[in-house]
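We begin with a single chain expressed as structure tokens, specifically the form predicted on its own.
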């Protein structure tokens, strides 16, 4: 089922394989009319994405971001939609997070060398291009070097949270990230909650995060099965969260990968998000920021 909206996508400015322009064009060609670019801890791709979106009069681009946070024993990713991506204090915090990402990536490459799986740092930088270096770029270098057969295998064997080459990096807590997003006018959504549900921590976390200002949760995500979607839809209703969704498109391939719009996200919750943004003045701020 194709959706008119996709609220979770990545470009070459973080760990996606398409430029913002290519991503916008692909999404529009797939029938998407509301798109959010949500690169990891970086907003540098938004100017290009807005320029690309100008080609389409019936297309809405939402300025967004995905931020990584830690809770005991797990990671929590928070999406921010309708952020003021020109805010100087916000940009400074993102710059420091990006520096942490770079240092972490170098340490992971060192660990891989110690594990007998050397990859040239230059190839990691090549795959990152003009964007921030991330684990998917290391995974691509591992595939190129012949150490693994796929990006998924690279994560499963070496780069996942429990993998032998994993290195933690500086992260904010989820409540702190929600506060940061609220400070720049953003609407916070919990990303891909399946892992949290499996760990048995989702209910308690939702209680805490909704009190902190969480307003949405990804219910329609990538390869979620119908019964999983129903479970998350019921949870969203229980905690009064908008049931949103996205493909989390990176362009890296793999069995779980979906193209922009290839999710069963109904338009009604998207309209609720847009109405909330308009109520808060975020739609107008986005227009003004785009015009700068």
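These numbers were taken from a predicted model, which means no experiment stands behind them. Numbering follows the first chain given and starts at 1.
The next section is about a form of this same protein that is not shown, the form predicted in complex with adenosine monophosphate.
- Here is the short version: of 80, 174, 193, 134, the single residue with a heavy atom within 4.5 Å of adenosine monophosphate in the predicted complex is 134.
- Of the residues given (93, 215, 104, 117), 104 alone sits with a heavy atom within 4.5 Å of adenosine monophosphate in the predicted complex.
- Partner contacts here mean any heavy atom within 4.5 Å of adenosine monophosphate in the predicted complex, and among 152-160, 197-205, 178-186, 83-91 they occur only in 152-160.
- Using a 4.5 angstroms heavy atom cutoff to adenosine monophosphate in the predicted complex, none of 6, 33 and 272 count as contacting.
- The closest non-hydrogen atom of residue 123 lies beyond 4.5 Å of adenosine monophosphate in the predicted complex.
- Contact check for residue 169: a non-hydrogen atom falls within 4.5 Å of adenosine monophosphate in the predicted complex.
- Contact check for residue 233: every heavy atom lies farther than 4.5 Å from adenosine monophosphate in the predicted complex.
- Along 7-27, a non-hydrogen atom within 4.5 Å of adenosine monophosphate in the predicted complex is carried only by 15.
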